[in-house]
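Quick setup: the structure tokens below cover two forms of a single protein chain, split into structure 1 and structure 2.
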Structure 1
Amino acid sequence: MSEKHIDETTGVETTGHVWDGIRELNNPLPRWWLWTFYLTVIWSVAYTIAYPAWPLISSATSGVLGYSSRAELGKELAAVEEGRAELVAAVADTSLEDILADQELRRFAASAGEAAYMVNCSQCHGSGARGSAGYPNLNDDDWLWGGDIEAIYQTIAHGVRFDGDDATRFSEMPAFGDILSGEEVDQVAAYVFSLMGDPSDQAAADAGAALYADNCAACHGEDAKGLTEFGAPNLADAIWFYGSDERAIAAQIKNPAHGVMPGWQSRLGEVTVKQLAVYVHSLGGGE
């Protein structure tokens, strides 16, 4: 039997392992650490027996306690739904005007509508509902189809130029590049720009006024402030979908872009659309 080697410096027995002349000291782990480690092993084995743990081909072991985080979540959601069922039923049975008149119901509908907005509408209109190029700002008071609660509801429910709903809002500006010459398009653009600022060519703007009256006033109004029955925007303010400089205005006159908003009633249901309408109306721009 070989004699045990003792390190001269520390007086500790070595393991017998030597690497390049370096010996490993045989310092055992503290007993409290070992017992803690053994307990964690026992605990982990017991945990995998009691709770869902081991993956199978199409599921996992369910555990002897039958616990399921999904089941717990389902119970919590069911409890929330039960708690708000009375208010949801009230929203369903109450007209939009009466919802606005009832402080508690309006607050509930606006809160639920905000949650639905973040999931379904923020991708286009932005998390703050400020819109972007081609998507309207829902915080201001400039509304293509009217900003009262009924008009907002109608737009959300049935959409704009949405083929999947027969009651959709529909308007389409003709491409005046096929009707007017390039010079005339620039003149109309100069006139429209002059309604909110100084045009680059006042003579062109003056000539564009007559062209506007003949070709555009029927939809946008003689004062160019728009007509909600046609979904025609106000051209006399500084709120624009596709740019407000003369070049952008001319491009829209020549070959206009037409956005599409889906109708949400078939997807979300009557109650959620009502809640969305109340929330959008509450942003400050609703009439």
Structure 2
Amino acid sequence: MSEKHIDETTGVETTGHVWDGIRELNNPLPRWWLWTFYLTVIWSVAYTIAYPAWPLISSATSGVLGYSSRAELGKELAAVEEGRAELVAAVADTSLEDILADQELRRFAASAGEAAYMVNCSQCHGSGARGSAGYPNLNDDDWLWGGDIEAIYQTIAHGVRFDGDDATRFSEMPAFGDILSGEEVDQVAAYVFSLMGDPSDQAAADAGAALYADNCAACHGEDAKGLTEFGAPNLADAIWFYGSDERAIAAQIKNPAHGVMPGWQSRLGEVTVKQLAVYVHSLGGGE
């Protein structure tokens, strides 16, 4: 074992280890391989000096290059802001009608509006803007306060029955439970239901027609198609706000619920509200 052992076949030295007669060749690695290894060691040390790396008690070394991922994010966000500053300014300066007419501006406003919608509006109206009982569906063509772009903007900007804004949309349907008898309320409900469907009691519906004309037509219209000035819903269509059966209608006549929506102008600013209006208008029901 003391002298070098040379493998006969290859002429290469062995390591001197023998396992069951099998020897391991000792082919040396190329030198540059070793250099590469040293280089990676140097690189790793230099890296931890240049960049934040070593953990300390409450923070970490900050690195001589002063890099931080938070600062990078800040830069990226600033770059995004800067990149769309022109379009944001254009939205601010352009009337809603003109935004709709301008392909590029409209697309930008709608997608910015969608982002704002998801953060601020989806909690009540749903992520698909489908709404639910008491929260209107924004996809359809039935609008309480008007479905053209200006009306949508007004509603979003100032809200509905919102205490914090003097320009808010306001109306309040009286509780007809105090004015009409229980039977009369049922009759009106039967009449309203008959406008789109077959009522359970046709005689009651006929009786309800007269009561409707006296008590309800002032706001909801003689043809029951509603009045957007008062936020009075169209009763002669297929879309119901608080439920579509006669009992739900009667309940709403007796003691109506009054939904509240905050005004968003003061919170989000004019540009965002404009973008929201364009987005809601683009959902398919915009007039």
Partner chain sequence: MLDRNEVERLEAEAVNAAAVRQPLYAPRKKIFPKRATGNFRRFKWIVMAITLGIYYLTPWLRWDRGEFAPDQAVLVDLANRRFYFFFIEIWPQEFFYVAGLLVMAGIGLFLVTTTVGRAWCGYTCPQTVWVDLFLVVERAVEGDRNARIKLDKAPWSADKLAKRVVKHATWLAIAVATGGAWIFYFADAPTLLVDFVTGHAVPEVYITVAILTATTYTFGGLMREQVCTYMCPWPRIQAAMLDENSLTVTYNDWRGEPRRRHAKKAAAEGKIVGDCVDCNACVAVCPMGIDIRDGQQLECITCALCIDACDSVMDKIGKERGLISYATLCDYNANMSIATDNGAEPISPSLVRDGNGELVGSIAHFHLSKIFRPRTFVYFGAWAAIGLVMLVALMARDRIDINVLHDRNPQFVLLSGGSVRNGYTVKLLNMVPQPRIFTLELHGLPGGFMSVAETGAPESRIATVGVEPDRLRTLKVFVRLPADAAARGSRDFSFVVKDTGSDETDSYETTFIAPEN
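None of these values were measured; they are calculated from a predicted model. C-alpha atoms forming the largest set that superposes within 1.5 Å between two forms make up the rigid core. Numbers given to residues start at 1 and step along the sequence of structure 1.
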Quiz item: Only one is the form predicted alone; which?
Solution: 1
Quiz item: Comparing between structures 1 and 2 on the rigid core: C-alpha of Gly231 shifted by 2 Å or more?
Solution: no
Exercise. Answer yes if the Cα of Glu270 shifts by 2 angstroms or more between structures 1 and 2 on a rigid-core superposition, and no otherwise.
Key: no
Quiz item: Core-aligned, is the CA shift for Ser244 between structures 1 and 2 2 angstroms or more?
Solution: no
Exercise. Just grab the Cα shift of Gly66 between structures 1 and 2 for me, core aligned, in angstrom.
Key: 3.1
